[in-house]
Structures are given as C-alpha cells and as structure tokens.
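The form predicted alone is given below as one chain in structure tokens.
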C-alpha cells in the first residue's frame, strides 16, 4: 500500500482530540503506512471561505495538495468536509489549465507546485476499498451482532460525486458494508442521506439546526436504534453536542453518537476509555452495556458468510 498523509483538518484536533486518538489507534492496529505532514492548514472550509473569496479558497486547497504532491504521498482524512473541499479544488484545477497556471504562479513563490497527482480519500471508503471488509472481519475480537445501528453518511462523503467518486451519491453502500462486516444491522431509514444541518449554526440559525437534528433523532428513537454511526466532525458536533443541548431543555432522545473509528476500535479490542468515548456529551453507556451483554463473537463466520452479509455494490 502506498504511504499516505493523514489530513486532520481543523475541527478534529481543535475540538475533538479523542476522535484523533481513535483514528490513530485503528490506523496503527492495521499497520497502515500513514504519516503526519507539517505545513497543512485549514482545507479550507467551503461554506465560509469560498463564499467570501473563491480565489483564496482555491489557492489554500491547492497548496495543501501541493505539499503531498511534492512528497509523492496520497491523502486520507477522517473529515468528510476536508476531502470534499480538497477534491473540489483538485477537480477544478485539473479541468482548467489557465487557472492552474495562475495558481502555480503564486505557489512558486513558496516553492510549491500543484500537480494534482495525490489521491484524496475519506476514511470510510479507504477502509472499505483499500483495507477491505474481509481484512477487517479477520481482526475482530468482538463484533456487534444484535446491535441495530443507523449510518449517517453526511453531505460530503460522496459529493461532489464527479470529484470524489467514492460511492454512489444517491444510493451509497460502503459505510453500510463496513457495519455489516462488523456484525451490526445497518438500519434503513428515510433521513439516512439527509444533511445533518450543522452548517446552519455557522450562519446564526441555531433553532433551525436543532430542528434538523431533532427530525433525525426522533426517527431513530422510534426505530429503536442503538446508536448513530458517522465519520464527520461537523455531523458529530451536530448530533452529539446539539442533542446534549436539547436534552438539557428536557427533550430525551438517548441516541449515542459513535464515530466509525470508535466502533472499529471497540471491535478490535480497545476499551471505550482508551478510545476516549467518555469525552462524548451524550451518554454512550447504554450502547456499551448492550454490546457487552451480546454474545462474544471473535472473527465468527466464514468468508462466504461475510460476503453474504455485505451489501452488493
């Protein structure tokens, strides 16, 4: 496997260091050839920077890609927004040689050149495609048989689809496949592909952000979901933090929010404390208690059984 740089973005390291910890733990557990690269900046964030100054948005993203271009590395990120933003700019510059020449004229002063050779991948399709569901299943010490989990893809894991090409943007399967490989039931529900709504908090529409979170959480509670699994720090902020705020006002949903790297880490044998899950604002103990009571299944099933459990893609 080719060496890759981990692009952490701003939110995970600034607000959720425990998500960085769980990501590092699972990457190390699979002995994946990852590196930290000095010099990365904000991706930059699309809805704010791009709307104010498109040229600054393009130049910043191009510089980040140019850093790994010069090292011959790819990028893997646990943040869907970062991958989406970098891929958006990469696609724009690859398609527009005039703009690319202008950007490289500016980057030259910093000793950088955008070539666009680096592959940009989010953590979920990376584990699905490059690590593989069978390799994951072989490492499991205790799976999630009997657990009913809902996947939240978020807006940026597959979009823009022409730039990312991670999954079918209208009917994605890879995140579901990973849950199936971990033994869980991936619930199908109407709001599965709905925007989390966290971006509304950035434009002073907190009540609307809460409303969008409420719609999803009510639905999952009615379905008896044991937890919501996601892999985007903005979505985590929306459903963990804003759910906590609503619960302080008397609304009780009780939907634990689990990052993909935490779910995988538990299956690999790490404890919730080691993974930093005690830093969540919404209590994860109901999820953990049910999981602990489930039968011990360590790498159970044949390869054929695992294949049958995975949704065809």
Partner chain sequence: MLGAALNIKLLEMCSKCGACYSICPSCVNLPGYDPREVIQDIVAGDWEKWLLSKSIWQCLECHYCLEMCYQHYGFENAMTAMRAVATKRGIFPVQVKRGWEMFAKTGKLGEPAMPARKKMNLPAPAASGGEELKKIYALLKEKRRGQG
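Positions refer to the first chain, counted from 1. Keep in mind that what you see is a predicted model, and the values were worked out from it rather than measured.
The protein also exists as the form predicted together with the partner chain; that form is not presented, and the subsequent description refers to it.
The partner chain is not shown here, but in the predicted complex it comes within 4.5 Å of a heavy atom of residue 197. Residue contact check for residue 286: none of its heavy atoms lie within 4.5 Å of the partner chain in the predicted complex. Although the partner is absent here, residue 53 is a contact residue: one of its heavy atoms lies within 4.5 angstroms of the partner chain in the predicted complex. Residue contact with the partner chain in the predicted complex: residue 42 places a heavy atom within 4.5 Å of it. Using a 4.5 Å cut-off to the partner chain in the predicted complex, not one of 91, 135 and 187 places a heavy atom inside that distance. For the residues 139, 112, 142, 148, the 4.5 Å heavy atom test against the partner chain in the predicted complex is passed only by 112. Just one of 237, 102, 131, 73 comes within 4.5 Å of the partner chain in the predicted complex, counting any heavy atom, and that one is 102.
Only one of 122 to 130, 239 to 247, 222 to 230, 168 to 176 places residue heavy atoms within 4.5 angstroms of the partner chain in the predicted complex, namely 168 to 176. For the stretch 216 to 242, the set of residues having any non-hydrogen atom within 4.5 angstroms of the partner chain in the predicted complex is empty.
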